[in-house]
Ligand code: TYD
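Next up: a single chain in structure tokens, the form predicted alone.
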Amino acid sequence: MKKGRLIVFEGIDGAGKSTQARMLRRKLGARGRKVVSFREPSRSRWGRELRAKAKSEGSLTPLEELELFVKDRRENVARNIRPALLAGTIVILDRYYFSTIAYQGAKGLDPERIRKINERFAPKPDLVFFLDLGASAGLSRISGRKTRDLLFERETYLRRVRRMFRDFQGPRFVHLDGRRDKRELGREILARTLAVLEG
């Protein structure tokens, strides 16, 4: 399958993923690039169920969470991600299976098993930006949100998630300091993205 390019943003809540994903889409579009963006969980039946259950702490076991994330991702890949890539479009994702590895792995599930389950059907990204931010800082940034995700926003838990994100290493993984000015960060993200697109 090829192809457009798949660019992913990861990190704990409050790290700035959604902001940078929107900025990158806008900048690439302004340069005449064919680009779309999606987020996970998606708006599918499974994604809506995840969002609803996330408001009730303890309503899902880690394995049930994993099953819902995989079902939601399968649909997102089939309906949105794969068709866009086949059409030669740049796809920007706000979270992907690396979040599932980190969040469900931090709850005790086997990270390698999670990775293998997802990579059986999910296209591998060309570039993954990890925006790194401390758990307390991330929670402080999102404290004003109308709804708080009780399953995923506990500080001790988010520290484990952050450590798992930091374990991803390799040429396609880029770790950036989420405390930096968002415009400065956006310029580096654009430069790194263009290097991959034009390389």
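One rule holds for the numbers: they count along the sequence shown, beginning at 1. What you are looking at is a predicted structure, and each value in this text was computed from that prediction instead of being measured.
Another form exists, predicted together with thymidine-5'-diphosphate; not displayed. Remarks below refer to it.
Remark: residue 69 counts among the residues lining thymidine-5'-diphosphate in the model of the complex, judged by a heavy atom distance of 4.5 Å or less. Contact between residue 40 and thymidine-5'-diphosphate in the model of the complex is found at the 4.5 Å heavy atom cutoff. thymidine-5'-diphosphate in the model of the complex is not approached by residue 129, whose heavy atoms all lie more than 4.5 angstroms from it. Although the partner is absent here, residue 104 lies within 4.5 Å of thymidine-5'-diphosphate in the model of the complex, judged by heavy atoms.
For the three residues 73, 95 and 99, a heavy atom within 4.5 Å of thymidine-5'-diphosphate turns up in the model of the complex in every case.
Only one of 48, 166, 154, 172 comes within 4.5 Å of thymidine-5'-diphosphate in the model of the complex through a heavy atom, and that residue is 154.
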